[in-house]
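Below you will find one chain, with nothing else, as structure tokens; this is the form predicted alone, and questions on how it binds or moves follow later.
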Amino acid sequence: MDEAKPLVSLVGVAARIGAATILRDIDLKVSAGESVGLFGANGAGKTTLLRVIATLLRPSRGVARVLGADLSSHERFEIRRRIGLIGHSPALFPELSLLANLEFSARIVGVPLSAAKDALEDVGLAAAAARLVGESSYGMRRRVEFAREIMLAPDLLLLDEPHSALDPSAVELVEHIVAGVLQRRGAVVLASHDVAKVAPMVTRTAELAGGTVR
């Protein structure tokens, strides 16, 4: 990665969902080694902004570059494996076991399957490796998502309300994952409405209100 260039660079970015304009005139830069806390009320557009950065929603206007890729071009598909995203709802296969979910991700990116077991152990779920996701608690599924990001070691990690429904011990996992990304000179964008929990993990903050960053 070229540390002279921001890992995330949004200039005058707007985004629409259907006929509604959710984001307008977004200017945001995130450099290597930075963890940015994105705050705002429910409905402010935090999730939409993370989806834009994750290449899941194309901007309707403006210039957006992530990990060097122009998000208005086919380049966005080439960087998706370098981006980790933990959203509101765990993105796991309910019919597979906890371990099988991680092994599936490992195969896609070429990570040794042994790394899946190691990651489950890191999040305290080694003894539950064979349990089906569909039979696991919400908190356990969240831990599996944390394990996936530990295993895949993304250059850019996006977290959407990561403390939602977590037990106190799991809060430390969020801090552990963020610290790991920053140590690799990656970057983190962490969206939340809970300033107190997020503040210790971020290097700076930004507020999203009225569809734009202040």
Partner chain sequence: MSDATRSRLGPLDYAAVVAVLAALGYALASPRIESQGDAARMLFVHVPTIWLAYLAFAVTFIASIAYLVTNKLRWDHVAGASAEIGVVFTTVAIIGGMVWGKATWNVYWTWDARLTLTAIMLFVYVGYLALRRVIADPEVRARRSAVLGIIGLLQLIPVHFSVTWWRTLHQTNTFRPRDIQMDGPILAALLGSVAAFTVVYAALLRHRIRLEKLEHAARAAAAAPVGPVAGDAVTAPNVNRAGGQP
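Residue numbers count along the first chain shown, from 1. The model shown is predicted, which means the values in this text are computed figures rather than measured ones.
One more form of this protein exists, namely the form predicted together with the partner chain; it is left out here, but the text below deals with it.
Though the partner chain is absent from this view, in the predicted complex it lies within 4.5 Å of a heavy atom of just one residue from 206, 22, 202, 13, which is 22. Contact with the partner chain in the predicted complex, defined as any heavy atom within 4.5 Å, is confined among 177-185, 35-43, 162-170, 62-70 to 35-43.
Using a 4.5 Å cutoff between non-hydrogen atoms, residue 211 counts as a contact of the partner chain in the predicted complex. Contact check for residue 58: a heavy atom falls within 4.5 Å of the partner chain in the predicted complex.
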